[in-house]
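In the block that follows, a single chain appears as structure tokens, in the form predicted alone.
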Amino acid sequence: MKKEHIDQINAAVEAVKKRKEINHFYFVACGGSMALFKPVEFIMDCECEIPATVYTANEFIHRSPKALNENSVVISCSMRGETPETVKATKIAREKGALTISMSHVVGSSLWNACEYPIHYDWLEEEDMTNHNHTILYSLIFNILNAISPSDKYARACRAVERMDAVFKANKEKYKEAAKEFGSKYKKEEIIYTMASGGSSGPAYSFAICILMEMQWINSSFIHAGEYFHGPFEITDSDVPFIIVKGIDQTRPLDERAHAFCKKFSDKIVLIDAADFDMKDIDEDLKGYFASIVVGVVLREYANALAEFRGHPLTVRRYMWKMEY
């Protein structure tokens, strides 16, 4: 990890450590940046007694959580740092005395200037993936956990972040051919559902709304595996495509149950099972947490292949960034 990232993370963690009391961790963003926070919300919920909640930024603004005050920590993110809702939410949080930490790819962006502790991250084109948004965030969260409740587990997790570049690259290579097969087979589908639970729900949600809908204009929806049997399973049929992600964290039984039912009736299931990931360099008690961000890396390979076979670049938009909305 680059020194600039380490220094920025350390400054933010030290600020959290100095707070005498923390009543809530709020994670605030939109779209893919909001989805980025779901795995760490899961980690915080499993590891920390302090409540942690992910908000889409505009709802955070209008809902105005009553508990938001000088004892709160608000962590926000925007890739370009110019998402107006996220910038406004961060400003509101800071005005209420909350400790504000923001992540952005663009140094000097509006979000960068709105918060107290900005953290830069690299983007997908960069070679070293330990400097990307998911790994920067994991380093921040596990360092915060280790600061407020020191543990060997959290210290090991912080060190594991530095090994994730090799893990990501190994799994990108492992799933390269499967991704091409997916792109070739599903390039003409008009609707694709994506299903997951636990820490993997974030990258699966992002794949559904940011890749399939935003970047490929394919009708889609994210289905939480725990909610599948409470309405969504009625659309399951032989010609209905599903991408099912099976995590290896505490909620894997939800994924297994959904997969077991779905495969009885759908002939179009793409299974991504984190149990098959190459994670030999990650400690056993941490694999479930880190597998969630490997899911995102693998799904990106599937996205790249789908875009290639459809002849529809991931950068093409009809409305986004082209008009006021």
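Throughout, we count residues from 1 along the sequence that is shown. All of these numbers come straight from a predicted model, not from anything done at the bench.
The same protein also exists as the form predicted in complex with a further copy of the same chain; that form is not shown, yet it is the one meant from here on.
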Quiz item: Do all of T56, G226 and R257 end up near a further copy of the same chain in the predicted bound form, with near meaning a heavy atom within 4.5 Å?
Solution: yes
Self-check item: Stretch in contact, per heavy atom within 4.5 angstroms of a further copy of the same chain in the predicted bound form, of 267 to 275, 294 to 302, 280 to 288, 64 to 72
Solution: 64 to 72
Exercise. Look up in the predicted bound form whether W112 has a non-hydrogen atom within 4.5 angstroms of a further copy of the same chain, and give yes or no.
Key: no
Quiz item: Y205: heavy atom within 4.5 Å of a further copy of the same chain in the predicted bound form?
Solution: yes
Quiz item: Does a further copy of the same chain come within 4.5 Å of any heavy atom of G108 in the predicted bound form?
Solution: no
Quiz item: For M34, is any heavy atom within 4.5 Å of a further copy of the same chain in the predicted bound form, or not?
Solution: yes
Practice problem: With a further copy of the same chain left out of view, choose which of N143, S197, T100, T135 has a non-hydrogen atom within 4.5 angstroms of it in the predicted bound form. | Solution: S197
Quiz item: Within 241 to 258, which residues come within 4.5 Å of a further copy of the same chain in the predicted bound form, counting heavy atoms only?
Solution: Q250, T251, P253, L254, R257
